[in-house]
Every structure is written in structure tokens, then in C-alpha cells.
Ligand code: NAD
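Listed next as C-alpha cells is one chain, alone, in the form predicted alone.
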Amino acid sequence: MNFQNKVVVVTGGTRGIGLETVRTFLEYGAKVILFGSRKETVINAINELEKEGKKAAGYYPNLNDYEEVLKTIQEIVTQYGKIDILINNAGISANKKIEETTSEEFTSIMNLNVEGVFNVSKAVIPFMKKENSGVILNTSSMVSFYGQPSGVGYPASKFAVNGITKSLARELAPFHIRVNAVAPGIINTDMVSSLPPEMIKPLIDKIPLNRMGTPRDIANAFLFLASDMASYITGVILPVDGAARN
């Protein structure tokens, strides 16, 4: 689990699971570059890490603009020499019924959650191929296995992320690039912790481990899958959900 001299890029790295993943890889010695949606959120995340004695770099490319993403990736490789690990974590969720969901809302979910993964992966892969090694990890979701009662765009996008993961695992294996995904269950992020207790308790009651997951639980799963301990694991969608499968 030694990540000294490893260069890690984390999209959606300014808060929640993404920021905790950045924090975890820094603790294990990696050089980490986080991506955020806006300049101010990137600066805030970097400042928060600095207060903890940790140092990360940050960018805020539009993940739906391939040329902008590629330019950013090239800048990172110029500065650091390589990218060893890419974690595609950026994404947005949805919970509206289909009758209340506009085509524009559905498209925006698919654009970030799917096209964003495609664009950043496409930009990074040539540099990994040059090194003949690399790890790409994607954030999926437990709803990618069985859907959810409303907000159809979110599970649709995560089903697509699973397809990208499994397909790229096959395509990139000859270049010693492993591709996996982590499918979080109910995680105690800021958004969830703001819910009233009467909403949270029924959620926990459905989890056999009798607790919500933490962002560190997900970060640890990414850490394992990125490590040499998982050197023979590729094309896997790893549930991290306390066995709350349905």
C-alpha cells in the first residue's frame, strides 16, 4: 500500500467521497491532483487539506469539453511526468419522477456522469499506454445493479459507467492498465447527514451492517483497487454498501 512517487488524478475531488479519497491517497504518499467544477471549490479544498498539513494540486476543467480536459492532462504530465492512477468520481444524482424530469436534466446527468468519464479516461489512456501500466477507477453506485424508485437518469448513467469499466478492462489489459469501479451504498456525506433522523433511520434499518458507510470506506476501496495488492483484479464493480443490495 505504498504510493510514494505515484501520481493520482481525482475528478470530483473537492468534497465528500472525492475529497476523502484525495486525503487518503495523500496519507499514503501519493502526489494527488484534484479536479473540481469551479475555481473557488478547488481553492477551498486545497486550503482545507493544507490546514491538515497535506498538499494537493487542483484544476477545474469542463469535463464535457474533451480538448480542455486533454490540455489539463497534458499540463499535469508535463509537470509530474506521468499519471499512474485516474479516479473518475465526478457526478450528479437525481431523484425526480420521470414525468417531472426534463430532457435537459436527463442530458446533463448523462453528460457529466458518462461523457465526463469517457473524456478524462480518453485523455489519460495514451500516457498510461506509454508507461505500459496504470489504473483507472470509476465511481458507480449500488443503484447500478437494480435501479431506484425515481430519478431514472442517475441509475442509467451508472449502468453506463459499469459498461465503460468492463469494456475498458478488456481493451486495456494488454497494456497492463487495470480498470475497476466502486459502487457505494448509502454513505454519510454532508448531503445525507443533513437529512432528519426520521428519514435516516429507515435507511439504516435496511443495511445488514446496521450503519451507513463513510467516505473513508469508499476511499479505502479505491486505495485497495489502486494498489499492487489488487494486481490481478480488473473489470470488477465492487459493492461497498454493507450488503444493502435491495
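Since we're looking at a predicted model, the values are computed, not measured. The first residue of the sequence shown is number 1, and the count goes up from there.
Here the subject shifts to the form predicted together with nicotinamide-adenine-dinucleotide (NAD), a form of this protein not shown in this document.
With the partner left out here, check for me: in the predicted bound form, does some heavy atom of Val114 sit within 4.5 Å of nicotinamide-adenine-dinucleotide (NAD)? Outside the cut-off, so no.
Contact of Asn44 with nicotinamide-adenine-dinucleotide (NAD) in the predicted bound form (heavy atom, 4.5 Å): Judged by the heavy-atom cut-off of 4.5 Å, Asn44 is well away from nicotinamide-adenine-dinucleotide (NAD) in the predicted bound form.
Is Leu63 one of the residues lying within 4.5 Å of nicotinamide-adenine-dinucleotide (NAD) in the predicted bound form, judged by heavy atom distances? Taking the distances in the predicted bound form, the answer for Leu63 is yes, it comes within 4.5 Å of nicotinamide-adenine-dinucleotide (NAD).
Is Ala221 close enough to touch nicotinamide-adenine-dinucleotide (NAD) in the predicted bound form, meaning at least one heavy atom pair within 4.5 Å? So Ala221 does not count as contacting nicotinamide-adenine-dinucleotide (NAD).
Tell me which of 119-127, 165-173, 88-96, 72-80 has residues with heavy atoms within 4.5 angstroms of nicotinamide-adenine-dinucleotide (NAD) in the predicted bound form? Contact criterion met by 88-96 only.
Would you kindly say which of Ile177, Ile33, Ile187, Leu49 lies with a heavy atom within 4.5 Å of nicotinamide-adenine-dinucleotide (NAD) in the predicted bound form? Residue within 4.5 Å of the partner: Ile187.
Enumerate the residues of 4-40 that have a non-hydrogen atom within 4.5 Å of nicotinamide-adenine-dinucleotide (NAD) in the predicted bound form, in sequence order, or give none. Counting only heavy atoms within 4.5 Å of nicotinamide-adenine-dinucleotide (NAD) in the predicted bound form, the contacting residues of 4-40 are Gly12, Gly13, Thr14, Arg15, Gly16, Ile17, Gly18, Gly36, Ser37.
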